[in-house]
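Encoded as structure tokens, the following chain is the form predicted alone, with no partner shown.
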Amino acid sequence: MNFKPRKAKFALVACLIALLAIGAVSIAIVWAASDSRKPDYQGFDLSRPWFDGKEWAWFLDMMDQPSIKPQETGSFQRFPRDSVPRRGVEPVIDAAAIKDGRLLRDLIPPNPTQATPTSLAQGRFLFETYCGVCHGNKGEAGTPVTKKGMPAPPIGAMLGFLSEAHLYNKIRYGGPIMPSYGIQTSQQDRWDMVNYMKSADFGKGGSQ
């Protein structure tokens, strides 16, 4: 039996299908990239892009979505209302900055809060959460963490000599060994801890 004609027909059909598939993909790509395609994508009108006046590519996903990319020219005029912080950013104080012969971190910022009972209660809770693990809830150190080799000074006797700004900045920036808690705590949290450490209530009634 001669199979050559059948094989030739099969090869011809396969080639036609491949050509049709390539053509369909090419048409889809050209259509997607053409200026005539201006759909709305999840609320973003691609015919009037708000970011830089440029059309988006034919695909959009979570990785490449409408936003101003680094080093990209754009506009903030059409950000959603109240989505941009308006209170400013807490300035960074250089660790080596000096003023009048003292470290600037020992001088600023001034404490803007009052040592109310609410502030002291919150400060105690936060101190025992973040600081007591190493320094001890009464500021005497000797915790299981320090016994495992992590040095932490007994700060209880030192608090009277340390300024409020120093304590605030120590919480925010950390130290050579102490980690920073600037991310975990807010400005109010840090001042509440300072108020508690500076109060007569510090270390009273709590466990080691």
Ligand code: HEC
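For every residue, the number given is its place in the sequence shown, counted from 1. Quantities reported herein were computed from a predicted structural model and do not represent experimental measurements.
What comes next is about the form predicted in complex with this ligand, which is not displayed.
Open item on the list: Is P144 near this ligand? Define near as a heavy atom within 4.5 Å, in the model of the complex.
Closed with: Result no; P144 lies far from this ligand in the model of the complex.
TODO: Report yes if any heavy atom of A165 sits within 4.5 Å of a heavy atom of this ligand in the model of the complex; otherwise report no.
DONE: No - in the model of the complex, heavy atoms of A165 and this ligand never come within 4.5 Å of each other.
Open item on the list: I'd like to know whether V133 contacts this ligand in the model of the complex, with contact meaning heavy atoms within 4.5 angstroms.
Closed with: Contact with this ligand, yes.
TODO: Using the partner position in the model of the complex, report whether I177 sits within 4.5 Å of this ligand, counting heavy atoms only.
DONE: Answer yes; at least one heavy atom of I177 falls within 4.5 Å of this ligand in the model of the complex.
- [ ] Enumerate the residues of 138-153 that have a non-hydrogen atom within 4.5 Å of this ligand in the model of the complex, in sequence order, or give none.
- [x] Result: M150, P151, A152, P153.
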